[in-house]
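Read the single chain below, which is given as structure tokens and is the form predicted on its own.
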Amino acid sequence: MHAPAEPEFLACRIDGYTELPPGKLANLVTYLEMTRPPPPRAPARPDLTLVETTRDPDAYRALYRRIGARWLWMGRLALSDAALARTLAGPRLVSRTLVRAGEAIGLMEVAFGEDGEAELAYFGLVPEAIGGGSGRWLMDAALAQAFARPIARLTVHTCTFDHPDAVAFYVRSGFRPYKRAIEIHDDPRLAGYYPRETAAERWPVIQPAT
């Protein structure tokens, strides 16, 4: 029986450029935090409703892809049906879907830790819903869900793969940036989670040598 291969490590330069192997993507991550919720800022929206997110794996992934394809979201797509169902049913996760005129147009998820903290793990709208105030309304709802429990801090992180206004939106919502990191990960398109042409105008697929 052969011993498992040792993982390959990429040495990143603190200054200058670091060459990525084909099949890898990298982005700059900004971490933000909030210790108390601001007053709600969005006007009343009787056309919007927040409902519990479906636990059906196929329906969930369909919404997840509609929202996250442009940003190459992949975390939930790597889970099996059983693992995804367990995650969504977990007592420390609050997952809600934003609905307008009977259609799911947004998703927000708050993951509660055991240390008195919580993370806004997912937050987003389908492309056609961006820019009409639905995001502000959904953020107010997400903050209300998070601080309905006795937490000391709510965190969120966003990256350069996300909407270009993401950091500014979170700051306007009351979050404060506190650190940055570089994230390197596999290209989800090469794993078949998205078609090769997804977001190719920004990040063309670079196929590993075979």
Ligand SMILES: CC(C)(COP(=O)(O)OP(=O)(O)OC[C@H]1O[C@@H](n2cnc3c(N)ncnc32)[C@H](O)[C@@H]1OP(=O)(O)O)[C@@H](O)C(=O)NCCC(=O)NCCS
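Numbering starts at 1 and follows the sequence shown. Being a predicted model, the structure only gives us computed values, none of them experimental.
FYI, the form predicted in complex with the named molecule isn't displayed, but the following is about it.
*Asks:* Closest heavy atom of residue 169 to the named molecule in the predicted complex, within 4.5 Å or not?
*Replies:* Taking the distances in the predicted complex, the answer for residue 169 is yes, it comes within 4.5 Å of the named molecule.
*Asks:* Indicate whether residue 136 is a 4.5 Å heavy atom neighbour of the named molecule in the predicted complex.
*Replies:* Output for residue 136 is yes: heavy atoms within 4.5 Å of the named molecule.
*Asks:* Taking the named molecule as it sits in the predicted complex, is residue 90 near enough to touch it, meaning that at least one heavy atom pair lies within 4.5 angstroms?
*Replies:* Output for residue 90 is no: heavy atoms all beyond 4.5 Å of the named molecule.
*Asks:* Would you please decide whether residue 163 lies within 4.5 angstroms of the named molecule in the predicted complex, comparing each non-hydrogen atom pair?
*Replies:* The answer is yes: residue 163 has a heavy atom within 4.5 Å of the named molecule.
*Asks:* Heavy atom within 4.5 Å of the named molecule in the predicted complex: which of 153, 55, 61, 41 fits that? Just give me the one.
*Replies:* Selected option: 41.
*Asks:* Pick from 85, 79, 130, 99: which has a non-hydrogen atom within 4.5 Å of the named molecule in the predicted complex?
*Replies:* None of the other options qualify; the answer is 130.
*Asks:* If we take heavy atoms and a 4.5 Å cut-off, which stretch out of 141-149, 23-31, 178-186, 155-163 is in contact with the named molecule in the predicted complex?
*Replies:* Answer to the contact question: 155-163.
*Asks:* Relative to the named molecule in the predicted complex, which residues of 47-77 have a heavy atom no more than 4.5 Å away?
*Replies:* The stretch 47-77, when checked against the named molecule in the predicted complex, contributes 71, 73 at the 4.5 Å heavy-atom cut-off.
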